[in-house]
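Coming up is one lone chain in structure tokens, specifically the form predicted on its own.
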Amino acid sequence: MIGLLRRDLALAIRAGGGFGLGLAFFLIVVTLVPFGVGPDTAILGRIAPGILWLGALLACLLSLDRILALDWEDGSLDLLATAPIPLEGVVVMKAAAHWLTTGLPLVLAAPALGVLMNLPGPGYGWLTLSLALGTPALSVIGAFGAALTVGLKRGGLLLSLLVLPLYVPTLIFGAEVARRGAEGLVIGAALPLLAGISLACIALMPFAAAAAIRVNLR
């Protein structure tokens, strides 16, 4: 399992689906927003939590089609399906590799980019915490979407259409945690619900993704 994780990390970085692409897109989104809404720092500070969360979500979306595509192209997916490792475990390792190369760098970069959006001081910690809790769900849901569309030509657009509705609850509660933290309000149930969504996705999505892979390999 650890060997598979190391292999996927190396492939993700070499194939151009690593943290560089996601970080560049995240930076572009955060940089362009002030040009669109104007230089009013009060407005920027108010919308910063939502914009930062939306930018992170879209940055994660960029590399989802690469989670299983390389293994499908070189035939490795057939070997993994017949290996002693459960296919559910393979999905977990691939989602973990995606999070380590895409989600984790976004979590670490978010506070620095929050400065560009004039994020209020109390919001930095809550933004980082919400992204740390929410981005694993994005990667696991993305792995499920990649399993549904693996082998399809030009399946990237279909993958985006499939996973974006599933991303909505994570986006809502993640942005709400960051917004409440930035405004100094009580976080309330948003943080437990965000953590619950991630735990539920990690527990259930690998089984759904493994079933989808088995169907596509028939």
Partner chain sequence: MSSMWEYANPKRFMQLSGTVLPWVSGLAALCLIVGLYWGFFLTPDDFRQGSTVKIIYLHVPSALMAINAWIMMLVTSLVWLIRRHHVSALAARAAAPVGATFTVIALATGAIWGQPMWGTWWVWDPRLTSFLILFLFYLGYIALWEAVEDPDTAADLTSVLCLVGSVFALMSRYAVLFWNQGLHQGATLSLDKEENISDVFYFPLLVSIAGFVLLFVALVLLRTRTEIRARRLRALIARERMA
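Because the structure is a prediction, the values reported are computed rather than measured. Numbering follows the first chain given and starts at 1.
The form predicted in complex with its partner chain exists for this protein as well; it is not shown, and the discussion that follows is about that form.
The closest heavy atom approach of residue 184 to its partner chain in the model of the complex falls outside 4.5 Å. Although the partner is absent from this view, residue 132 stays clear of its partner chain in the model of the complex, with no non-hydrogen atom inside 4.5 angstroms. Although the partner is absent here, residue 100 is not a contact residue: none of its heavy atoms lies within 4.5 angstroms of its partner chain in the model of the complex.
Of the heavy atoms in residue 116, some are within 4.5 Å of its partner chain in the model of the complex. Residues 27, 34 and 44 are all found to lie within 4.5 Å of its partner chain in the model of the complex, as judged by heavy atom distances.
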